[in-house]
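Shown here is one chain on its own, the form predicted alone, set out as structure tokens.
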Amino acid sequence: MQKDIKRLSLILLFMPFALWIVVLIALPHVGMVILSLQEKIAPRVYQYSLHNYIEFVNEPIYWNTLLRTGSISLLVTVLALLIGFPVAYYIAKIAGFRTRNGLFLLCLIPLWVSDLIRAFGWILLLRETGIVSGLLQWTGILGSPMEFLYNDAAVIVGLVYTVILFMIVPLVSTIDGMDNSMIEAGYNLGGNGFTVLRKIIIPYAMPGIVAGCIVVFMLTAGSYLTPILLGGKNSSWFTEQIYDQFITRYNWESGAAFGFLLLAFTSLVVWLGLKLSGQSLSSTVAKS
């Protein structure tokens, strides 16, 4: 009787999570795959084929945009790690309790506003008549207004600013669990700061590094507003291609194929990253 009650309790406990996975994740993706395999041959007449995927392969601008999105997303992930790791280490091992809370608050502030507002904030800073251009003219570095928007650098800066918190949080969670005696032992055995970092801190923090990189990469590759607003007409982001297929061309079949290809591409990159780092997804999630 008690076993039945426990089993029922577990079922009821996991039922909302299971429904969330099935209804909001599994079913939409299955529907997207089915839709991507449909080819419109006449009004309201469809047949199943690989036409949408063949169209993607035969059009260089599509797969070039996907590769460009992936490469910039990787660069953003690396920059977020390089910036976020020292911040996370300071929060976890150096800062006091009050300072830690204050730093976390500073990291959370950008999330209080929407992506649209944050993107417009960067536009105010980087446009030709913006604060950065005006400050450089005032100091004499620039002789005339200069446009810092509508290029890859502006997109990268905006994306790093948007996703940096998702790198810091798992790193802080992982590094905070490291015993300080491990670091002291490294120094006592003759290691310098770089050696301790390379052989003790980074290996211990690897689950947090991998978890943060996965989240940041997926969020960056799937971003839409920041690349479009900061990159302007010069932006070439794959989510824009998906939007164009769904909304502009009203070609839901190709849009679904492009969306599935983006998911498959990012999943492949994540899988390769796990293989190269020697981590597994289950251990990374458990430790971080």
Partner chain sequence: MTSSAEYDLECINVSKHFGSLRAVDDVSLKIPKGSFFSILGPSGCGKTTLMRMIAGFNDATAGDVKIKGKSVLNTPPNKRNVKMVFQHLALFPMMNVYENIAYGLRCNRVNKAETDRRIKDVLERIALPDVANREIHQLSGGQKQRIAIARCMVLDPDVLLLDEPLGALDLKLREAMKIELKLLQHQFNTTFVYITHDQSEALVMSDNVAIMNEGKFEQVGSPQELYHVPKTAFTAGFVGDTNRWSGRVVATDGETVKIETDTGLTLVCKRFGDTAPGDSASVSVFVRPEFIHAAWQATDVDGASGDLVNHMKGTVDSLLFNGANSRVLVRDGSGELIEADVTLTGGSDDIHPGQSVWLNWSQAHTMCFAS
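These numbers come from a predicted model, not from an experiment. Residue numbers count along the first chain shown, from 1.
One more form of this protein, predicted together with the partner chain, exists but is not displayed; see below.
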{"query": "Three-residue site 181, 187 and 204 fully in contact with the partner chain in the predicted complex at 4.5 Å by heavy atom", "finding": "yes"}
{"query": "One stretch from 128-136, 196-204, 79-87, 99-107 that, in the predicted complex, holds residues within 4.5 Å of the partner chain by heavy atom", "finding": "196-204"}
{"query": "Candidate from 192, 144, 114, 71 lying within 4.5 Å of the partner chain in the predicted complex - any heavy atom", "finding": "192"}
